[in-house]
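Okay, so here's just one chain, in structure tokens, the form predicted on its own.
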């Protein structure tokens, strides 16, 4: 008896979605052959999905965003798929495309080599600050939050670098925690207890959104006691010592320096691709993949390797984009795998078409927020209702873990592409 394994690296939103899609629409349609079984193995450093939407509030206050709301066990979500589902808590360290194996180091230090018939790389990203991504497990991140919040209680000067949504949301949450909610129609806090500064390298914050929305975001931050500095980069941030309460000297590109009780680096993300061959990567260290089929097509990659989510070159990022991308990658995986297993020519591809309309929702504290959806500006009250209330936990968390958004395949038309690569039966 032989086993054909679909291997998914990464257990965040992309990996979880891909796994559910496989069980609902891929594995049931693979060729039924005597002596052949199909399964799916998911590898992730943590046994939990981390609800990273909520990081700005979770890092600011355990009372407002307790751990039970941001960590969701992965294995129970796939009980329905047993015994075809296997979870490995560990980290991928090497890929051997010729042998179609991935080397994994488990959390216990065990070395495993996992054979695959098809491989999905959805390892996501890391951030400069440990506040916004889960590097290992839930306990480690909870400890990071506990230490940060202990220092935040008495902070008088907080500097946040980065004018994207994470920086803006974090600035709003922390300014409200330290300075309180503003009075009705107040332009600034009545008795601010701390100075919060957001340093933005661009001429405006939230660059995905139109200027008018960015200006409104600044007004909401000012109401919470947060100052915004534009056209300025954080050059360096040096802590005076290793002491818990040591000050951090923040040097800015405009020549100024700020002595901060707390500095938070929210300047961007780093794709988790260090274990991959460099020739597979783009100039931004993302996985270079076909922007329509999401296959990894470098000659050395071999067949049936796909990239999904923020780690891949096809996307500008964001979880909402996965509703489009997951069905594309997994449908093409199914097409390729059927051709490989049955020895027939592959049928047409499913193509990815990004939604390029203005789209971003950004809460600012617990009462206000800005954003746009499908090109339309979203009122502050709606931002609160959609995301600001609980960072989408009530609306999406349980459904995400069940794979509700992939109950059906959706309609699509096969596209024939005679030049596509990576479809040999090897």
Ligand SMILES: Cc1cc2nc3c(=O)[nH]c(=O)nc-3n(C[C@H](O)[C@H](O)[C@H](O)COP(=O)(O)OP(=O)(O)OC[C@H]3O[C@@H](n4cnc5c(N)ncnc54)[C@H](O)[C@@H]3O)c2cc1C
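Model, not experiment: these values are computed from the prediction. Positions refer to the first chain, counted from 1.
Although not depicted, the form predicted in complex with the named molecule is the subject of the following passage.
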**Study point:** Stretch in contact in the predicted complex with the named molecule, which is absent here, among 45 to 53, 24 to 32, 397 to 405, 373 to 381 (heavy atoms within 4.5 Å)
**Key:** 45 to 53
Review point. Do residue 124 and the named molecule share at least one heavy atom pair within 4.5 Å in the predicted complex?
Key: yes
Exercise for review: With heavy atoms only and a cut-off of 4.5 Å, decide whether residue 95 touches the named molecule in the predicted complex.
Suggested key: no
Check your understanding: Contact between residue 14 and the named molecule in the predicted complex at 4.5 Å, heavy atoms?
Key -> yes
Practice item. Look up in the predicted complex whether residue 293 has a non-hydrogen atom within 4.5 angstroms of the named molecule, and give yes or no. Key: no
**Study point:** Partner-contacting position among 272, 332, 179, 214 - heavy atom within 4.5 Å of the named molecule in the predicted complex
**Key:** 272
Point to revise | Listed residue (101, 222, 91, 157) with a non-hydrogen atom within 4.5 angstroms of the named molecule in the predicted complex | key: 91
Check your understanding: What residues in 384 to 403 sit within 4.5 Å of the named molecule in the predicted complex, counting heavy atoms only?
Key -> 387
